[in-house]
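Have a look below at one chain only, the form predicted on its own, in structure tokens format.
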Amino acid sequence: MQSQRAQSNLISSAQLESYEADGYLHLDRFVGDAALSALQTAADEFVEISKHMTESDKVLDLEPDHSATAPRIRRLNSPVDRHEVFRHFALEGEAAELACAILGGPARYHHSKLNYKWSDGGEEVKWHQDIQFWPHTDFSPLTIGVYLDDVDNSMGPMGVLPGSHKGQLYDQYESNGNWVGSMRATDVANLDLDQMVWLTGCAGSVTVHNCCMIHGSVPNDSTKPRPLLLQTYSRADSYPIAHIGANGVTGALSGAVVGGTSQQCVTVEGRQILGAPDWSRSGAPTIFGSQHDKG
């Protein structure tokens, strides 16, 4: 990965100020041609795999009318864990560099997904906020999206409501207590949807949105799929809260720190905790081993 000084040149101070104020960025043609081509090829490989499937599994989420001759994929789950091209892009490549530049230092990777949003009615994503799906110890998490094909208004581009990341965090349960992952109609009715910004763009363009941003997309009514590769990061000193939502089921590489190292430090109720090393993969030593076995 580039040095931190080089990363800071990826975006301007004005763009950083815009992100802080509005909660999103749109970076036209951000991904280089070679990286974009590799991502497109990797995405196409999973379309071919899907042709041999008749129902969804843990890797690919298929629409009900998917078939070998007319594939219709909703999502590739955790592409970072499925293909080296996606892993490199998210943990070492341009997405990782951009996350570090926006967050101002090392970043903690959380999860990834590839939403294909298939042609001729590919499903809408209702208005929602992300942080309720995977709460963290702060509101630094952001999601970087990459359009793998040109996207116009007919293809169901993502829409964001500028400034909404600073407002209310909405209940995304139905009144009967069922989780639906979208805002209630009564809350949506109070939004000024005329202020929604629709993030169209050419292949290789990048979107960035804060975890508290109200966003969604309408069905894809065009004749082409709208593949959007998404990867989520937080500051390195931000941690997902276990046992809520998707935290803990986000992939083997979730929690990896990119662009540096973690100081294992977290602040709770104004008190700073310098925590022990991350033993999630190696296993924790006993207190006796830590205190007495010095090697």
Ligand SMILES: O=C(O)CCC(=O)C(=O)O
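One rule holds for the numbers: they count along the sequence shown, beginning at 1. All values derive from a computational prediction rather than experimental measurement.
The protein also exists as the form predicted in complex with the ligand; that form is not presented, and the subsequent description refers to it.
J.: Would the ligand in the predicted complex be within 4.5 angstroms of a non-hydrogen atom of every residue among H88, E94 and R235?
T.: Not a single listed residue reaches the ligand in the predicted complex, so no.
J.: Only one of 162-170, 220-228, 77-85, 98-106 has heavy atoms within 4.5 Å of the ligand in the predicted complex; I'd like to know which.
T.: Of the options given, it is 220-228.
J.: Could you tell me which one of L148, M158, I144, I73 places a heavy atom within 4.5 Å of the ligand in the predicted complex?
T.: That would be M158.
J.: Which residue, C212, V125, V206, M183, is the contact with the ligand in the predicted complex, using a 4.5 Å heavy atom cutoff?
T.: The option sitting close enough to the partner is V125.
J.: May I ask you to check whether H136 falls inside a 4.5 Å heavy atom distance of the ligand in the predicted complex?
T.: No, H136 sits far enough from the ligand in the predicted complex that none of its heavy atoms falls within 4.5 Å.
J.: Counting only heavy atoms, which residues in 86-116 are within 4.5 Å of the ligand in the predicted complex?
T.: Heavy-atom contacts to the ligand in the predicted complex: K113, N115.
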